[in-house]
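Taking the form predicted on its own, here's one chain by itself in structure tokens.
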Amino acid sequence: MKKIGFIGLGVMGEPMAMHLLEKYHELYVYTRTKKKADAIINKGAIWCETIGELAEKCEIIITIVGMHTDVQDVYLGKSGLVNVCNPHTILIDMTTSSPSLAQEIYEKALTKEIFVLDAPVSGGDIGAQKATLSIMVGGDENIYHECLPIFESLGKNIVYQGKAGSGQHTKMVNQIVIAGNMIGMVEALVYAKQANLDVNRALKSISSGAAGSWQLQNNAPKIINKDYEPGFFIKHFVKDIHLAQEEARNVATDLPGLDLVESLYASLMENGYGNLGTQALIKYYEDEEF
């Protein structure tokens, strides 16, 4: 088995890395803040002081970092993976980033005989913890098949989407759907409360019908319990919405619904809520108490 490295140990990355350590028993890790790696190091993961050290030791490297700019730095910076990895290394970026950046990374890496898959995920912290993520993959199909056992350690719904950038395009589709689901779920809760319904009973009625969704099952109960801890940060979702809007403009598509949701989340960002979970959209309707 090729040696695996993992970069990024946040809300999503840490449980994902834990699954890989449990399956393969050897895992090299790096993250900008070493303290975030303490738990997995204590479980037996091997700490690397730099990206270059990790790249020297590993033949497959997985990344899941925060922002678009982080991806650019980790891959294309002076000490980035494309510039320090050995030929024939396989790089798997599971961050949500732009399709155009994914294509750029793929093309630059290929000139150095390095192979790249863009493989963003959906399912939030719960999916990461339970290894039930949806994984959408772009890149060379033969490399995808080589890495499929790794993906199967992290998710249940794993689909090869096509050439480089296709995974990220599919994630844009996913985020557009989530934006619509989120505002629908939140406004439904607001209406139920204003109509003096028992909100939990209302959810019980609608969750298994045509209105049923992941948001109703997972984030609606959090709102009712005033739990705004991030399964997915507002600041990261706003980043994803901006990426989706940019890609929509590139294909001459107007998405007014997405623009509306972006404006609501932008208001929350301006009020300092960026580090809360996406379910904190309810705070836009600040008069509502559940």
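Everything numeric here is computed off the predicted structure, so don't read it as measured data. For every residue, the number given is its place in the sequence shown, counted from 1.
A second form of this protein, the form predicted together with a further copy of the same chain, is not displayed here; the remarks below concern that form.
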Answer for E49 alone: is it within 4.5 Å of a further copy of the same chain in the predicted bound form, judged on heavy atom distances? no
Even though a further copy of the same chain is not shown here, does G44 get within 4.5 Å of it in the predicted bound form, heavy atoms only? no
Do T111 and a further copy of the same chain come within 4.5 Å of each other in the predicted bound form, heavy atoms counted? no
4.5 Å heavy atom contact, S134 to a further copy of the same chain in the predicted bound form: yes
If contact means any heavy atom within 4.5 Å, which of 205 to 213, 145 to 153, 80 to 88, 67 to 75 contacts a further copy of the same chain in the predicted bound form? 205 to 213
Using the arrangement in the predicted bound form, list in sequence order the residues of 234 to 253 with any heavy atom within 4.5 angstroms of a further copy of the same chain. A244, E247, A248, V251, T253
